[in-house]
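Here you get one chain, nothing else, as structure tokens; it is the form predicted on its own.
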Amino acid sequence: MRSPDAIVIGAGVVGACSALALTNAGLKVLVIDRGPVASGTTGAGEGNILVSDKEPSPELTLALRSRDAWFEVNADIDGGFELEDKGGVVVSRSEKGIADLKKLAALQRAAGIDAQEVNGAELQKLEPFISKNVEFGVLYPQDAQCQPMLAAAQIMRAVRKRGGAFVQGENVISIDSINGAVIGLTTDKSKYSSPIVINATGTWAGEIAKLAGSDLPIMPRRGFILVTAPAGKIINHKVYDADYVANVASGDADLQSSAVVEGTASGTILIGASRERVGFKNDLDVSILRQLARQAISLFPVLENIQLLRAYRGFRPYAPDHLPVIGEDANVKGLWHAAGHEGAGIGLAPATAELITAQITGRKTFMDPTPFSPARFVGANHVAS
């Protein structure tokens, strides 16, 4: 497919969902990635599909739509990626933390989120192995989880079955344009023609924008995840400390971590979460792994006796204002961006795809896309907040 209607760069979950939405809208779509499916940030994700960690905002509107859209995608392609509507539980163990969590839950309820306050006894019923020192939490039944690598692979399989194409092992070296409008792109192996290019390259989205002569302030934020050996059904929900919400919203470059614990369909338990801005520094920091383990054990003491299987790290694509970038480039017509979701890319992927596809095809969008527009960075200082 040398002259598709649209080219998607990136075969992670955001790119795969974008390709599926465009294909379902009737476009001939080519996906290009320098590696295999889910070889970037998606492959280092937990599969979170969350509404619990977001304050009322345009991102929450996107998240609420995306949560439902995930189940629509699951039905559309006949699943196969371990989608679970397991729910989430957010806890706090300090007076101030509890007060802040109650305030957030009230705001979220007003915005349409099902947020149910639970006391210590109710928490023990929801999570029998949780520490008895935890006496307050909020249950979020809408939170869900998937296996992100499987999701990307299954969605890409559906795209190909419906006439799309996927080329892997080619590195994009230029975005080709005439008079400020995209006419295609060139890789290290081939040349492709198309009036539409979607930049879904996650942490590397800023580099793709530069190839087109534009600018996008996407930065990497490193995070580590621990994975236990299969342990059976010990954790019923995604359970995390309320500090996680503050860490997500923070622009601090220094290390931040909070207890995040959840089981998977295979029986393993995922433990996070850390965040730090260290560029693309890829070394394994054992001190961070120990800190995550201690925090998880404080929340679920039973974990002390469960063997760790492995640890991995990845880079979350981070925008200075903590909002994803979804829309047409401010300088290059036909170049569209779907990036900057940080740790929420998996959860927000199908709604991102729906929003960008509606804009490309001239259809009505389910929400105002303006807050996510790349144009918001024109003339900005690009300082993280």
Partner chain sequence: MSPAEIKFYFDDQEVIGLTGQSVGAALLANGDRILRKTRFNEKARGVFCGIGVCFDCLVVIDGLANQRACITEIKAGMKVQTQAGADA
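All values reported here derive from a predicted model rather than from experimental measurement. Residue numbers count along the first chain shown, from 1.
Although it is not shown, the form predicted in complex with the partner chain is what the next lines describe.
The partner chain is not shown here, and in the predicted bound form it never comes within 4.5 Å of any heavy atom of Ala181.
Contact between Pro230 and the partner chain in the predicted bound form is found at the 4.5 Å heavy atom cutoff. None of the heavy atoms of Asn171 is located within 4.5 Å of the partner chain in the predicted bound form.
Contact check for Ser190: every heavy atom lies farther than 4.5 Å from the partner chain in the predicted bound form. Listed stretches are 104-112, 300-308, 202-210, 120-128; the contact stretch with the partner chain in the predicted bound form is 300-308, by a heavy atom cutoff of 4.5 Å. Of the residues Asn282, Ser266, Ser94, Asn133, just one reaches the partner chain in the predicted bound form with a heavy atom at 4.5 Å or closer; this is Ser266.
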